[in-house]
Structure formats: C-alpha cells, structure tokens
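Form predicted on its own, single chain, as structure tokens, below.
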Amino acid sequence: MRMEHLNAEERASVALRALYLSYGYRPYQVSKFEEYDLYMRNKSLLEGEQILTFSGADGRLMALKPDITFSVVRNTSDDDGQIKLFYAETVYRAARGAYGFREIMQTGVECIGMVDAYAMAEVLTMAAQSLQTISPAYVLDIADMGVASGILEGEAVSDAQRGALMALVSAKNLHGLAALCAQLGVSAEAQRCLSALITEFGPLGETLDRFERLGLPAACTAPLRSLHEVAQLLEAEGVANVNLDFSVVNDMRYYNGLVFSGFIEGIPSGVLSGGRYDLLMRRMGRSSEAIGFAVCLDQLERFMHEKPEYDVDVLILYDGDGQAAKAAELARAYRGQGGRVRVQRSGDTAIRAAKTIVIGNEG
C-alpha cells in the first residue's frame, strides 16, 4: 500500500519508525497486558486511575496497559547497559470527562542508562523531528523541574503544597500563586522567582540568558547550566521552534529534571510529552537514569483528517459470472501498478472512483 493511501495516524507511525531507526533505537514490543499489581502499586502516577482488568487463565488479575513506560521499566534491567528503544503500542485509558475507555495509539522512545547532556539533546532532537514529521507548524516547549525545586529549597512546604504551587505556575496564574504563597508563608524572594517562571518564556537560548540575570538561588545553577549545554547541542543540530516555558510541569513524583511537551497547529492539546523519569526508576527499584517521550497518534486522525477525493483509483463493474475472469484480470493489472481497485457487480454505487470501467466498455 502506498503512503498516500494511509490515514494520518498510519502515515505518522511509518515515518516515525524510520526516524527512530535512523538514530539506532531498536523496536520494542510488549504484551498488550501486564499483571494488575504493576499498575496498582503505581496507580497514583497514572494519567487516569481507572484500569481495565480481567482474570488470566492462571487466575492472576491482569490489566490492559494504561501506560507503556511502566512495562518497559519492568521488562528491562540495569545490567543491560544503555538501552535505546522505540515502540508503537496501544494503551487503554478512561476518557477525560466522560465514561468509558479509549484505545490510544502511542509511539515513542525510551533511553535508559546514563542520561548525560548528549542523551537529553538527542531525545529532544528526536522529539522535535517527530513533531516536524507530522507538521512543519509545531513547537516544542521545554523546562527543567530542578529550577522550580531549587527555588523552593529551604521553604517550609510539603510535597502536596509544592505540587499546588507548581500547578499555579503551570496555569500561569500569578494572582493565585501570590495568594497561595502568602497562605503558606513562602518567602518574598521565592515568590519573586516563582513568578518569573510564569512571566519569562520564549525561544530557548535568549530566554535562558534572561534567567541568568534574574538572580535565582544557587540551587538553580546546576539545572540552568544543564539547559545551556543542551541548548548548544540543539543549536548545533539545527533544531528549531524550541521554547523555554516553565509552565511545562509534570508530576514531581514521577519526573525530575528536563520535561517537555510538543504541540501541532490545529490540535488543541499537546500531542507529545516526555522528560526524565529517574524518580519513577527509583520507585520501581531501579538505579538507572531514564528519559523518553510518547506521541499520541489518535489525535492526528481526529483533528487532521483529510477526506480523500476518491475512495478508490479504479472501480470495475461487471454484469454476470461470465465476465468475472475479465474483471479479475483487469483488477490484477491495476493493482500491479499500485492502484486501489474495487470490483463489484454493476448497479448503483456510492463509491467515488478516479476511473470507472464497465466490462465490455473498457477504455
């Protein structure tokens, strides 16, 4: 089948597979289901806590995968060295604000082992190229959770309160942030720095330069230095449309350090998300570092659907059994040229065809 005959989701999946292979990432396939216990132990970290379960033949409670990364971590080992893989899998999640579950086609990459500046820049480059493969009208927003953690270091706030503060940063809610800081007794200096996470955003390099002049706490120095190193590598690779935006905030129990989200013009929500998830690795008893991202392909078909002009290239109509052999011969010839061919008895049809052939009236 030719690429133009595939829908948006299928075309993207094929192109992204070629992209990830070009970086030396190997394909990885996991079972459609895992033991429910894997997700039960980490249920609070899942995007939605509802999970489809069933009893296996051996009596174990199984679950249809709501997340790929958990399965990858569980089925790899710290003894494997640096692991670079990609996947194209279906996950099953409850629809937000609605009843029922959705099948969501995801493709993505995971880099497990040592995650240095090169590994981060490589994953970000693949993330940007993944977006560009789908549409040239894209933007990749990145941040580093270490900067926010550095600002709040020494402040008497709990993990839950820290999460509430960062939720307001993510929503770019300056008024709400000021009110919560006052309620929690957050220092004026920390509030100033948190407010800067909301107001300062834009192209990666120049926005980083502005952050250097803000006088952030010393605990922010290392993550900002890391972002500078990554920015230089991305610039050398010619990666475009990358913004620094600290409203990109992911679960601080799951992610640490670099986090990012990708957006495509015409699609209201992000189609790509990822980051470093060393904290998840520790939670699952692993010592390796890790970074990765996932692209949700289901949104492409819903928001980028292009209705083809024709259903098939050739429609072959015949009247009786005596003409079936001729119809089959013509169909083989056109399919051999890569065309989409439909054969059926003569009569009314709603099929839109670039060319229609009636047996006995060819040409």
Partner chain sequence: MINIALPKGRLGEKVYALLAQAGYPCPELLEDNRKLTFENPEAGVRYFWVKPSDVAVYVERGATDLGIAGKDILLEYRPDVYELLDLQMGRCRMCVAGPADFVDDHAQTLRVATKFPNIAATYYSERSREIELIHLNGSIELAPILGLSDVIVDIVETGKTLKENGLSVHAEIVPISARLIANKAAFKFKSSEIRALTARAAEAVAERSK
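Bear in mind the structure is a predicted one, so any value in this text is a computation, not a measurement. Residue numbers count along the first chain shown, from 1.
Form predicted in complex with its partner chain: not shown, discussed below.
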E89, E155, E289, D141: which sits within 4.5 Å of its partner chain in the predicted complex by any heavy atom? D141
Find the only residue in S170, S71, Q191, S226 having a heavy atom within 4.5 Å of its partner chain in the predicted complex. S170
Tell me the stretch among 147 to 155, 105 to 113, 79 to 87, 196 to 204 that has any heavy atom within 4.5 angstroms of its partner chain in the predicted complex. 196 to 204
Does at least one non-hydrogen atom of G238 fall within 4.5 angstroms of its partner chain in the predicted complex? no
Do T125 and its partner chain come within 4.5 Å of each other in the predicted complex, heavy atoms counted? no
Against its partner chain in the predicted complex, would V242 count as a contact residue? Criterion: heavy atoms within 4.5 Å. no
Close approach of R213 to its partner chain in the predicted complex, 4.5 Å, heavy atom: no
